[in-house]
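Here's a solo chain for you in structure tokens, the form predicted on its own.
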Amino acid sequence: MKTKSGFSRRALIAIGGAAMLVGPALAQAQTVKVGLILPMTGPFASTGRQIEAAAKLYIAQNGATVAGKTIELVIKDDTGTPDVTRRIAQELLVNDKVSFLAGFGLTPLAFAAAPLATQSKTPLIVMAAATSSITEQSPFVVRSSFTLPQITIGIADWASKNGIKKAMTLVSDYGPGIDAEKAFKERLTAAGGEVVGDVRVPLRNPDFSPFLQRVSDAKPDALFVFVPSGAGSQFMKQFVERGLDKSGIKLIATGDVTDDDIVDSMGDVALGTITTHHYSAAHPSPENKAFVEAFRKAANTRPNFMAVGGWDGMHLIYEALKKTNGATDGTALVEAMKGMSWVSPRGPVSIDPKTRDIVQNVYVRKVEKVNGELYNVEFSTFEAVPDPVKAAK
């Protein structure tokens, strides 16, 4: 028989029993395993590659030993499928006896694993997924990535201050997209603007053309867009094919659209696109310059915001283990992460002790050509932004 969480009672008892039996033994073990669950194949594979490369780079630069324990990554491909994520998480907990679950490229994947984290009392580090409510799914979830409302309110503020009175929204039809749509509309209308239409596009195999025709017909001052990492190229291609780049409609977006991993391949059509996000490979800090250089050497590509989520997720794991002197009790590790602060390649960050979400700067950026390559160049900063959804509660 299955419980409301979708797991059989036998499976949950096995996980709970394994946690009780394994917990004390793990505290004495010399190896601490991190189960890294990522979409390594399929349409969101770029997310998995970026996070994997960043996690491996962090270990290479900081050593594989922390608090007397050896860190071992156990990397699994969930193909971006929630059922696969759930099965892998269960196997990692019961068979591999991991002390951390980490990764989670999309919101449905984090949702699938959260009940297992609760049952086994295992810290679950969300390095990518961005729906606001993820940290509410389990007291063992800690986020090193971002939330969509957190980065969306900045672009709405920029729009209202730069003459945009009427806008439309176009978002991918799942949790983060709905979060972004709601945050943008509430923020723009509160400033006196108007959202004259909203469009939701299927997450998988999206065809933006018919939706963009609706935008063209409505003739708003601006189109606000959110699509997940990797989908921006297809959107931009169809935006141009529909002639919207010459229509006078301003394209504004979250930084997922002009992802550092793909923006240079978009060509000059992306020039001038205004976005808000928490990371750019062009961020001018010494920490980021060192990170970008090392990442390029290790992975032969520039890092994107998924990579920095993976890097900072590993930092959380290392620093929490230092605080517990290598002990792997899940409750103690999560408590160690609450309130933690450090200087990331993205800038100063901290973990909100109440929500377990990351607090960070959000930057307004413009796509510009730098040394012959396209980058998101930051020109304004909203400092120390929490997740606004939880902050309002």
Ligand code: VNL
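Source: prediction; values computed, not measured. One rule holds for the numbers: they count along the sequence shown, beginning at 1.
Just so it is clear, the following notes concern the form predicted together with the named molecule, a form of the same protein that is not shown.
A residue is said to contact a partner when one of its heavy atoms sits within 4.5 Å of a partner heavy atom; residue 314 fails this definition for the named molecule in the predicted complex, lying far away. The named molecule in the predicted complex is not approached by residue 58, whose heavy atoms all lie more than 4.5 angstroms from it.
Looking at residue 224, you'd find every heavy atom of it more than 4.5 angstroms from the named molecule in the predicted complex. Residue 305 belongs to the set of residues with a heavy atom inside 4.5 Å of the named molecule in the predicted complex.
The single contact residue among 150, 275, 122, 107, judged by any heavy atom lying within 4.5 Å of the named molecule in the predicted complex, is 107.
The partner is absent here; in the predicted complex, the one residue of 100, 239, 146, 184 having a heavy atom within 4.5 Å of the named molecule is 146.
Partner contact region in the predicted complex: 129-137, out of 212-220, 129-137, 318-326, 189-197, criterion any non-hydrogen atom within 4.5 Å of the named molecule. Contacts between 222-252 and the named molecule, taken as any heavy atom within 4.5 Å in the predicted complex, involve 226, 228, 229.
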